[in-house]
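Below you will find one chain, with nothing else, as structure tokens; this is the form predicted on its own, and questions on how it binds or moves follow later.
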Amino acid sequence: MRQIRLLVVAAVGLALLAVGPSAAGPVTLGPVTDAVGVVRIARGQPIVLASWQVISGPNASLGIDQNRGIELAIEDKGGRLLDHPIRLIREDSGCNAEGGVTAATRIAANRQVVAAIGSTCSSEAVPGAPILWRAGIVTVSGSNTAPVLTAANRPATLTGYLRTAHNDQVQGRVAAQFAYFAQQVRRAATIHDGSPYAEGLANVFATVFRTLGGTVTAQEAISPGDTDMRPVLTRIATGNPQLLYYPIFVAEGGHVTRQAREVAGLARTILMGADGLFAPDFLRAAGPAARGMFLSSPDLSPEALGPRYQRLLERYRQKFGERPPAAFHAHTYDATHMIFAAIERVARKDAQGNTYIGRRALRDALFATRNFQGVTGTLTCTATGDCADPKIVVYEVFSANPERWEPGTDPKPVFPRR
């Protein structure tokens, strides 16, 4: 059934990609000529941005956190850009392929959208980002990490996509090095959920771990929505792994964590997840079984990000009344400011005060980003859209109490050693 749903999504995506602004040739509007299209913002009217993030279901905290990063960035600008108010449209992308297609299609239908921020999950971006770019809408993600999205052989339909989050080629390597060197593990197993994020990250971990000299005893898969993980865990246990790496999401990660402790042969196996589980909601799903496990994720410590991030964090707490529930608010904050800076570089005004933004010019300006001073580091975009200044660490969970969630303290960075 899951394969059928993905085929339907792919078919819908291909149908939507069959038409696009590039087919009509260059467009001239006001003082701007652009190969893809031009957005005209009348004097006094808003510059429209769109956010496509998961804001419902078990992974909602990931997207809610990122929308808050966008809000703080807009607040920095006083809610205005180039003498226009900024309007933000929010779409729920569901953290799955179907949701990505739906959200991207809704955004693409609005010809006033200048740029998009998202998506949250790589599974949304794979079918959704091409739909946006066929409509001439560039998108910058603060949390997609799947290597396929910025691979050298990516399809032309992904050339309107960038990200300020790390590439999992980096995260997978750090996780494997932690297992091999810090934990002295020589036998490891992995679980993924079939998503581009999870499968890609598990594969990078396995490849690096083997290169270091380790043995991968099993590479298993589950499906989103699965609740009984015991059959998969029982198969894994036959290989006697010392560590189990499962870079999946909140609900399924909770089931794996709790049930692993109930399966003979895994009681002493080290459990390790990734940034898809780096949220207090995961601790609620996993319960006490999460105590002592490890999570690879961006480094949010003061030592890594410095005073600018600390000021952002204080504003976050003041505005939203709580600490961030996930790891990518700062990356999405940077993505939004990158878009602002690119718009300011390419926009042109006429004598009446109307603003014109070339869609191809905006995309090219984003790809030309160099030495952008973000709160997550100094961002420079590659030719395939990787813009991050990646800082990945492995955290240890101590209390497993979601009310005590405080990255840097609990969970605490333990690798690499400072």
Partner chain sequence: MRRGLARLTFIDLFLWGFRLLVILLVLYGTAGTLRAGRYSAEQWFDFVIFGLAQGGIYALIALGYTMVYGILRMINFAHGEVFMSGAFTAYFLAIWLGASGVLDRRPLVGLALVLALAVAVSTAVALLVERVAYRPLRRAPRLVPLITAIGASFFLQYTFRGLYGAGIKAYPEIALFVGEVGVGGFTILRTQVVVLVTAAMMMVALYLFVMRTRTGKAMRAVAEDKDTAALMGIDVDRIIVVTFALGGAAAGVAGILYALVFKQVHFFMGFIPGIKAFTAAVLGGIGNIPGAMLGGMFLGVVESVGPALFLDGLGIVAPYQLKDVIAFTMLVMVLIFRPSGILGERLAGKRA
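Residue numbers count along the first chain shown, from 1. What you are looking at is a predicted structure, and each value in this text was computed from that prediction instead of being measured.
The following text describes the form predicted together with its partner chain, which does not appear among the structures shown.
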Checklist outcome for this item: Which of 310-318, 70-78, 219-227, 332-340 lies within 4.5 Å of its partner chain in the predicted complex, heavy atoms considered? The stretch 219-227
Checklist entry - So in the predicted complex, does E344 come within 4.5 Å of its partner chain, heavy atom to heavy atom? => result no
Next on the checklist: When the contact criterion is heavy atoms within 4.5 Å, does E91 count as touching its partner chain in the predicted complex?
Outcome noted: no
Checklist entry - Does G30 make contact with its partner chain in the predicted complex, using a 4.5 Å heavy atom cut-off? => result no
Checklist entry - Does the 4.5 Å heavy atom contact test between S56 and its partner chain in the predicted complex come out positive? => result yes
Checklist entry - Ok, R154, R348, R323, R258: which has a heavy atom sitting within 4.5 Å of its partner chain in the predicted complex? => result R258
Next on the checklist: Between V170, I270, V232, L158, only one gets a heavy atom within 4.5 angstroms of its partner chain in the predicted complex; which residue is that?
Outcome noted: V232
Next on the checklist: Under the 4.5 Å heavy atom criterion, name the residues of 247-262 that approach its partner chain in the predicted complex, in sequence order.
Outcome noted: V250, A251, G254, H255, R258, Q259, E262
